[in-house]
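Just the one chain here, the form predicted alone, laid out as structure tokens.
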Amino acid sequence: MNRLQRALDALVERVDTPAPIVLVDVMQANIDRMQGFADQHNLEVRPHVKTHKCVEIARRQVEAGAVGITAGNVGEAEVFAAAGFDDIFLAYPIWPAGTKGARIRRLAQSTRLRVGVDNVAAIEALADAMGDEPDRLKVVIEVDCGARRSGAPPELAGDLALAAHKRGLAPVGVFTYPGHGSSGPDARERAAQDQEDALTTAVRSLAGVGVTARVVSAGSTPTIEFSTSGVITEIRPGEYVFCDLNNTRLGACTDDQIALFVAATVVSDWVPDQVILDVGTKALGREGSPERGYGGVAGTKAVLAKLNEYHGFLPLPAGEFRPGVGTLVPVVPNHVCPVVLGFEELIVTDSTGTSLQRWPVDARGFLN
């Protein structure tokens, strides 16, 4: 029997479905493995908390050796700052409109805060938001390495750092995101090389205007294995803490490293060779396709072919797997990050299913 199914079978009478189940022993092994990798390559780990949004998990990451955390928005940063985390990188090109300017200023007064910038307009707005204390705010210049998302051309990083310096902000380095490494197994190493090239150019650009890049920050989970260049000082993986189907397909993790699944129940079986599970887009997110599926049942070849908000359509492959109504099955999501958004708490057990704790998803709903 599959190990995720074994753990779920031990919890049958103690959980309501759908529910996110975390195997804490597997999760801890993932945390320790990433920290060991970083230590081996003289890198600092700054995990991205958007994956779990859970204070207890971030504490475990810091206890294992992480130097701080990465957040994706001001709200996330505020939640973790209130919980005692005092070294936060807001790795996003923040635009300080509305209340965000004042909130960033408060965070910079209570934590060692870094924020991402990739344009002069944002630099000007952030400096204005900091009032007479712009030097409290450290900025990290975001450059594009091929993902074509946010990020300035690497050769312009120095110009942005100089603009920040002139406004009194403290430019401390550069970062990038090699998102194109998720396009397929063969893309991971190429994207990591693109990342190295872009960061090297950006560091040189900063040096050209007299700014030392103390921080040279790289991501993500699919490319970490190849992010060992001497130019890089820190890594920002997120998904590694749980892993998911996308990362297993890419070769970035193994099935044994899956630490989170969604417990689901078969609720209908009227359609021949298909059952309906009580998981839909609200539990799993929308990532997937009819060809790739929208999540898979651990230990089987069965993948969800379609999702409604609360219904998961599971065609049954030929063979022994024929779950009846009322059967609980472990669904591994394609992308783990959206899963936590749908739940107020994580059900935490171990690979035997004997223990049971409930950890709040502390930053759930904090998206601005």
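Residue positions are given as counts along the sequence shown, with the first one as 1. For clarity, every value in this text was computed on a predicted model and none was experimentally measured.
The next section is about a form of this same protein that is not shown, the form predicted together with another copy of the chain.
Quick one: of Ala152, Val297, Val140, Ala252, which gets a non-hydrogen atom within 4.5 angstroms of another copy of the chain in the predicted complex?
None of the other options qualify; the answer is Ala152.
Could you spot which one of Thr281, Thr201, Thr111, Thr233 gets a heavy atom to within 4.5 Å of another copy of the chain in the predicted complex?
Only one listed residue qualifies here, and that residue is Thr281.
Does Gln193 make contact with another copy of the chain in the predicted complex, using a 4.5 Å heavy atom cut-off?
It does not: once another copy of the chain is placed as it appears in the predicted complex, Gln193 has no heavy atom within 4.5 Å of it.
Does another copy of the chain come within 4.5 Å of any heavy atom of Val15 in the predicted complex?
Contact with another copy of the chain, yes.
Heavy atoms within 4.5 Å of another copy of the chain in the predicted complex: does Ala83 have any?
Ala83 lies outside the contact set for another copy of the chain.
Could you confirm whether Gln274 comes within 4.5 Å of another copy of the chain in the predicted complex, counting heavy atoms only?
Yes, Gln274 is a contact residue.
Residue stretch of 214-222, 163-171, 201-209, 115-123 approaching another copy of the chain in the predicted complex, non-hydrogen atom distance within 4.5 Å:
Looking at the partner contacts, the answer comes out as 115-123.
Three-residue site Asn2, Phe37 and Gly68 fully in contact with another copy of the chain in the predicted complex at 4.5 Å by heavy atom:
Result no, not one residue of the spot touches another copy of the chain.
Sequence-ordered residues of 200-218 touching another copy of the chain in the predicted complex, heavy atom within 4.5 Å:
Nothing in this stretch is in contact.
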